[in-house]
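As a starting point, one isolated chain is supplied in structure tokens, in the form predicted alone.
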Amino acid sequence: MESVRMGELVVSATDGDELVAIGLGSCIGLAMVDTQAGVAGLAHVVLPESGSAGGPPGKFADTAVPELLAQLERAGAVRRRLAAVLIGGARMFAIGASLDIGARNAAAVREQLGRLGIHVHAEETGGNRGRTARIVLGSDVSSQLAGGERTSLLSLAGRTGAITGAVRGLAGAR
């Protein structure tokens, strides 16, 4: 199991590898997968934009998405075959909507994916509880709500290029 900590991104092309981002509160776990090539990557995005701030490329949506794409392509993925899954983006504190970092992170990641022409295949974002994002190459991409059961959002079985999943907006989830 490869742990993907805050601001990190990891790419693998090894069947059975497990990439995990634990403790996604307002952060976004961005999984991108090319099932045909058998390549997947996971970024643990902390904030929507880098601005003048420094830090690792995985920390900000505006740098994490293009960097994850570049690493996936170097590993053999083809952009038009990539499917993205977003997990996290919770509203962890009862504060004003303009300060809802989780919603802003999710929107920023979606915007970057759209700009790069990458389809959001499945999403489990919002609510007010943390999640764990998990990719098991050759199996699935899943989300686990804190204290809850694991939910498969994207099947990776068979590497046929056919992928299945569902979009689940959980803005009101507790």
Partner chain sequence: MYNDMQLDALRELANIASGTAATSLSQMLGREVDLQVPRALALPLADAVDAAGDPSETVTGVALPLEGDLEGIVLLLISDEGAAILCRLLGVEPGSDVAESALGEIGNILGASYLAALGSMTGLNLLPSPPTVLTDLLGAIVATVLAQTAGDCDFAFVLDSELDVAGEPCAISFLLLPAGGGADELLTPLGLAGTTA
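Residue numbers count along the first chain shown, from 1. Since we're looking at a predicted model, the values are computed, not measured.
The discussion below concerns the form predicted together with the partner chain, not included here.
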Non-hydrogen atom contact Gly138 with the partner chain in the model of the complex at 4.5 angstroms = no
Thr132 near the partner chain in the model of the complex, any heavy atom under 4.5 Å?
-> yes
Would Ser26 show up as a contact with the partner chain in the model of the complex if we use heavy atoms at 4.5 Å?
-> yes
Are any of the heavy atoms in Gly55 no more than 4.5 Å from a heavy atom of the partner chain in the model of the complex?
-> yes
With the partner chain left out here, work out from 28 to 36, 61 to 69, 109 to 117, 45 to 53 which stretch has heavy atoms within 4.5 Å of it in the model of the complex.
-> 45 to 53
Counting only heavy atoms and a 4.5 Å cut-off, does the partner chain in the model of the complex sit next to every one of Val78, Arg81 and Glu123?
-> no
